[in-house]
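Shown here is one chain on its own, the form predicted alone, set out as structure tokens.
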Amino acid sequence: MTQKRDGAGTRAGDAYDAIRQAIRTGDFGPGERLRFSALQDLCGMSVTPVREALTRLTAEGFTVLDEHRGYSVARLSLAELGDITAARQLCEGEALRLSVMKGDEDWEARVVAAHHLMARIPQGREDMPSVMREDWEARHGAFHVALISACGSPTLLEICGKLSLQADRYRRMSVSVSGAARDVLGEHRELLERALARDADGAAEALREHYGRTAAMLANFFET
């Protein structure tokens, strides 16, 4: 649950949200230098909350600090992609396995409802299919959260949430390189069906393969 912020905490939190969203959507590209004047204009705030937001973004891996150049957007790399993917496969795979084992009817309803909402809209924008729709991304995230929500471990859920954030820019890039070769709808449908069938090991394996396909396609992109 998100705690209510006030005063300086609210301003820093709002600045964090604005800058992270600009990085997620590519308004600030990988390696791009982040100038305080531009960030202040973006956020409509003084330098202090912007600086606090950058400190948090750096701790989470979205930005990096160089003592000579200042802050810049973290670059994407094949090594980081592999590390994040392996960690997600391990942690979310186990969280899903536990959820399938422990989940009740309310959990099933959450999973079915989240999948239904996600499947109703396309992944890419109509005017630019290689760019992910923001509403699809929100529903996609909600589906994956619902899948693991019954694992029974707040600590594991927190770890999975942080890994998902770190994977976000890579996931968005995957839309532009996946093309017609990948059946994303089918992969999500398989996750749903295995979860509802209470196939704990099968669901976990399907999730690991789901993330593995994304990583493999992006690996080809990095190597070309």
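Please read all numbers here as calculations on a predicted model, not as lab measurements. All residue numbers are counted from 1 along the displayed sequence.
Beyond the structure shown, there is the form predicted together with a further copy of the same chain, which is absent from this document and is the topic of what follows.
In the predicted bound form, does residue 56 have a heavy atom within 4.5 Å of a further copy of the same chain? Yes, residue 56 is a contact residue.
Residue 10 near a further copy of the same chain in the predicted bound form, any heavy atom under 4.5 Å? Yes, contact at 4.5 Å.
Looking at the partner-bound form in the predicted bound form, is residue 83 within 4.5 Å of a further copy of the same chain by any heavy atom? Judged by the heavy-atom cut-off of 4.5 Å, residue 83 is in contact with a further copy of the same chain in the predicted bound form.
Given that a further copy of the same chain is not shown alongside this chain, does residue 51 nevertheless sit within 4.5 Å of it in the predicted bound form, heavy atom to heavy atom? So residue 51 counts as contacting a further copy of the same chain.
Does the trio 108, 114 and 149 actually contact a further copy of the same chain in the predicted bound form, every residue with a heavy atom within 4.5 Å? Judged in the predicted bound form, none of 108, 114 and 149 sits within 4.5 Å of a further copy of the same chain.
With a further copy of the same chain left out of view, choose which of 184, 159, 42, 167 has a non-hydrogen atom within 4.5 angstroms of it in the predicted bound form. That would be 159.
Using the arrangement in the predicted bound form, list in sequence order the residues of 83-104 with any heavy atom within 4.5 angstroms of a further copy of the same chain. Result: 83, 84, 87, 90, 91, 94.
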